[in-house]
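Only one chain is shown below, in C-alpha cells, and it's the form predicted alone.
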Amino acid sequence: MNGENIDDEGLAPVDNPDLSGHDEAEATLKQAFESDRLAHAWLLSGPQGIGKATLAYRFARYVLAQGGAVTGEGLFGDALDLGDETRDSLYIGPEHPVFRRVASGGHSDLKVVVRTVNEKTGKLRSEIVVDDVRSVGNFFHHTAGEGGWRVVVVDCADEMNPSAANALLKVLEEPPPRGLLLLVSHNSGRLLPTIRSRCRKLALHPLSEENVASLINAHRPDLDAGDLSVLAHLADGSPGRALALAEEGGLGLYRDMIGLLETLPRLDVGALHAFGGKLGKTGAEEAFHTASGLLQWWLARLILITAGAAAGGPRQGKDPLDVGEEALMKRLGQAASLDRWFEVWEKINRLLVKTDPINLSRKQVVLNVFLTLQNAVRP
C-alpha cells in the first residue's frame, strides 16, 4: 500500500485539475514565475500521496499554457485567457488545450521521467535507470516546439539509481534557458546532496484530517461517516494513502489487526490463524503488504506515545483514534520497557522486509509477528 499513483481526488496526478491544502506552495510557484526569477529546478518534497505530483503537473500546465509569451500573451500574440481561477492560482481547466495534451502525453514541450518497463522481463522496473534520464539532456537541447518553456517532471526522483542520479546532476550543472525541471520527492534525504543544492526546495506538508476526509468523501461518497473518520485518521495527512487503503480493504484489515492486539497477552489463536490465512492465501500479496504497513505504522505510534509518557513531556506522535485505542496503547506500552519495544520494532521490521525476497510463507510471518508481540508483553 503506497498511494503513489493517486493524489488528492483519487485521480492520476496528470489528470487531476484540482489541488487542496497547498495554497502557500502554489502561491510560491506562481510568484516565482511571474517575477521573471524562476529557478530552473525545483524539489517538491513531502510525504507520499499528499499532492506533490499533482502540484508538479499543475505548475507544468500553467507554464506551458503561456506559450511563447513572456508576460500576458499567447503563442500568436493574442491575449492569454486562462480563466478567472488562474488570477490567484495555477489552475488550468480540463477543457484547456494544454491540459488535454499534457494528460494524453502529447505535449511536445513536456517530458515525464518515471520508472519504465524492462523490455526483457516485461515488468516495471524498481528504479529509474540512466537511459531514462539521459533523454532529459537531449530534450533540453531541442528548441521548444511552441516557442516557450520546456518542462521536465521526474516522479519520483528518489527512485533514480546512482547512474541516473549522476546523469541528472549533469543537466542541473548546465541548465538550459527557459528550461524547468520539477523533481517530486517523498524522501529528499535519499537524493545526492549535490542534486538538492542545485534545486530550490519547496516542502509540502500533510493535510489536516478534515481536509483529507473532505477529499475522500468527494471520491468515495459510498463510505459512511465512521469509515470516513477512520480512513482520515489512518491517512496521516495523505489523501492518496487514504484512498489506497479504501481500495485495498485497509479498513477491514485494520480492524482485524486491532482486534488481535486487544487479545494480548493471551492471543486468540483461532483469530490469529484466520488472519494469517487471509493474508497468506494466493493472490493476497497486496493485502499482506497493506496489513504490514498498518502494523508498522501503529507500532511506531505506540513507541512515540510511550516515549513521550515516559519523559513526562507533551504527547509525541499522532493521538490515538478513540478512547479504546488509547487504552490499548497505554496498556501495551506499560507492559514492556521502551528498550524492549524498540527491539520488537526492529525484529518485526526485519522479518517483514525479508518476506518477499526470500519467499517466506506470509501466514507464518504473520504468526511470528504476533507471537513476538505476545512475548514482549507477557508477564
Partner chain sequence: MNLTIERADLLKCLGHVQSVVERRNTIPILSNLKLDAGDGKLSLNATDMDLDIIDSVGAEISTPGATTAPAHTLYDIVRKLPEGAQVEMNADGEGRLQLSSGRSRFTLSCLPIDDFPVLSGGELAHEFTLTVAEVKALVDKTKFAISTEETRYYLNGIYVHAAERNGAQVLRAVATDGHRLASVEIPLPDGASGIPGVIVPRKTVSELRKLVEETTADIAVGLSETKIRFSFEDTVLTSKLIDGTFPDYQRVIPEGNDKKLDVETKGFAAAVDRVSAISSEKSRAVKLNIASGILTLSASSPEDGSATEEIEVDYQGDVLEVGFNAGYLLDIVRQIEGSNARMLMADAASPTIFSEVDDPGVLYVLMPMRV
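Worth saying up front: this structure is predicted, and the values here are computed from it rather than measured. Positions refer to the first chain, counted from 1.
Here the subject shifts to the form predicted together with its partner chain, a form of this protein not shown in this document.
At least one heavy atom of residue 108 is located within 4.5 Å of its partner chain in the predicted bound form. At a distance threshold of 4.5 angstroms between non-hydrogen atoms, residue 266 is out of contact with its partner chain in the predicted bound form. Looking at residue 145, you'd find a heavy atom of it within 4.5 angstroms of its partner chain in the predicted bound form. Interface residue remark: residue 176 is counted as part of the site for its partner chain in the predicted bound form, having a heavy atom within 4.5 Å. Only one of 97-105, 289-297, 151-159, 121-129 lies within 4.5 Å of its partner chain in the predicted bound form by heavy atoms, and it is 97-105. Only one of 91, 140, 275, 254 comes within 4.5 Å of its partner chain in the predicted bound form through a heavy atom, and that residue is 140.
Residues of 281-298 include none with a non-hydrogen atom no more than 4.5 angstroms from its partner chain in the predicted bound form.
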